[in-house]
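This document opens with one chain alone, in structure tokens, the form predicted on its own.
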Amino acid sequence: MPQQEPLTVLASVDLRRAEALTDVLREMREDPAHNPVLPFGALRGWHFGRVLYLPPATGLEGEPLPPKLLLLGDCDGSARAQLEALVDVGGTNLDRLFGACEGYPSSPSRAARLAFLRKKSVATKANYVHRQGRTVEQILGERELRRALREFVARERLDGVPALEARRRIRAFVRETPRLRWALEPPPPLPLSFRAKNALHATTLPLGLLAFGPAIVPAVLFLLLLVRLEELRDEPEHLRPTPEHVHALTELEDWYAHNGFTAGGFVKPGWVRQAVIRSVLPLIGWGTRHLFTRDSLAGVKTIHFARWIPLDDYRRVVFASNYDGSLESYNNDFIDLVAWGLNLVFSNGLGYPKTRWLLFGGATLEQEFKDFLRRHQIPTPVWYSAYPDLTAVNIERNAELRAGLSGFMNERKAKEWLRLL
């Protein structure tokens, strides 16, 4: 079973071609799965995909920041392999999308397209996966398994049958149905090479603290004190998003069981905030890789994938996620369960609600926080999901249903398992 890796392609756009690029994105938006430019549905192993345009901006010191094209994929297997698949699926049509980017080859071949995209691919320091190792194939297969079992139970009228007998009949049905027989076996484990590499990476933080703790702890406390001094001077203005901006966002939301969220903004000026954001993102990346690995991001169970992407040498940061339900419920989950985590990252953003000691305040100022996020949310015209009808809870229950086809159960456990249907 392959692991899941984020694919991030970031390229500067030639401003003279920006209008043509927005036309291409508009065409892709009409059918993200099957559009002629980049049909995400033809990319096997892509859970989610998105393409968005970041318009030109002016930095905090007055420097011009060029427009950018951002392609994100949450994929099965290595990002490097998925990049090759992207080139093969997109073919010459990729020229319409990336031809607006600076440095794109004038006479593109497959090799030239791949070289360009590899050059523009950036490593993701902080990335969250709802359940590492659960592939698109598994998710779609277990969805079909549930549908088949529900039809069987309804057809055979098993309501009054003892739970263990009902389970026996269901298992027999699966065993005798060739297209479902695979479900009697557990999913294969993650590749040994990935597990070994992950185990080695898990030691980096504790070993680093053990080796350099005497120097790190005073430095962190000193940095936190400097942050606190900045917080005392910080008086962010509470601004509401414009109706036009909200309308542009809501047009793209709530079409499916989940949504894509993209937000970005400037990091506060000065070396103190630069030191914090450059330290926090790898720390979050370590936590999401080794602590929050079982269907929960610090208690939030509605996120499928998420990542944090620094831009322009950490002058800006973009956050992208795929979440279940409405934006309101998504924000409430974060505020109620992990406000401190939001503050740890987003409090380094210009205009964020006032915090105390980096972790407190901020997101707990509910309306100010929600307005801040809405103002910094970026319209994402092209967003794709391989399973738009499934929430994270649906996916987990389908996996439990499959797992229940194997192993020993007593009558009580069998009853609980049947309730999944």
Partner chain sequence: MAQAALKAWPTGVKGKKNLPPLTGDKLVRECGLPIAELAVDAADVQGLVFRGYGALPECCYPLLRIEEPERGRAFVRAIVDRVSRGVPAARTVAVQIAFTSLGLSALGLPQSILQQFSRPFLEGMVGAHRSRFLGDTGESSPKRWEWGGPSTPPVHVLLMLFAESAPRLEELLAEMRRTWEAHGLSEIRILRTNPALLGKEHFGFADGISQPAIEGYHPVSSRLHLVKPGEFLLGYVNEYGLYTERPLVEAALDPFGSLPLDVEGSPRRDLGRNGTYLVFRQLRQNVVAFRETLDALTRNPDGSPNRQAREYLAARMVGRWPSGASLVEAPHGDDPTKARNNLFRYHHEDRDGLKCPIGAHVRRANPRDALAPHPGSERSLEVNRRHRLLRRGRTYGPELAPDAVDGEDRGLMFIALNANIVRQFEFVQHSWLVDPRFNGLYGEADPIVGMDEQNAFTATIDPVPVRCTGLPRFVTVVGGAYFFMPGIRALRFLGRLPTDTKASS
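Positions refer to the first chain, counted from 1. No experiment lies behind these values; they were computed from the predicted model shown.
Just so it is clear, the following notes concern the form predicted together with its partner chain, a form of the same protein that is not shown.
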Full three-residue contact with its partner chain in the predicted bound form, heavy atom 4.5 Å, for Val246, Thr364 and Lys415: yes
Residue stretch of 285 to 293, 193 to 201, 312 to 320, 160 to 168 approaching its partner chain in the predicted bound form, non-hydrogen atom distance within 4.5 Å: 160 to 168
is_contact(Arg273, its partner chain) in the predicted bound form, heavy atom dist at most 4.5 Å: no
Trp255 within 4.5 Å of its partner chain in the predicted bound form, heavy atoms: yes
Lys370, heavy atom within 4.5 angstroms of its partner chain in the predicted bound form: yes
is_contact(Thr391, its partner chain) in the predicted bound form, heavy atom dist at most 4.5 Å: yes
Its partner chain: the contacting residue among Arg278, Arg150, Arg175, Lys119 in the predicted bound form [heavy atom, 4.5 Å]: Arg150
Single option in Glu251, Glu102, Asp95, Asp88 placed near its partner chain in the predicted bound form, where near means a heavy atom within 4.5 Å: Glu251
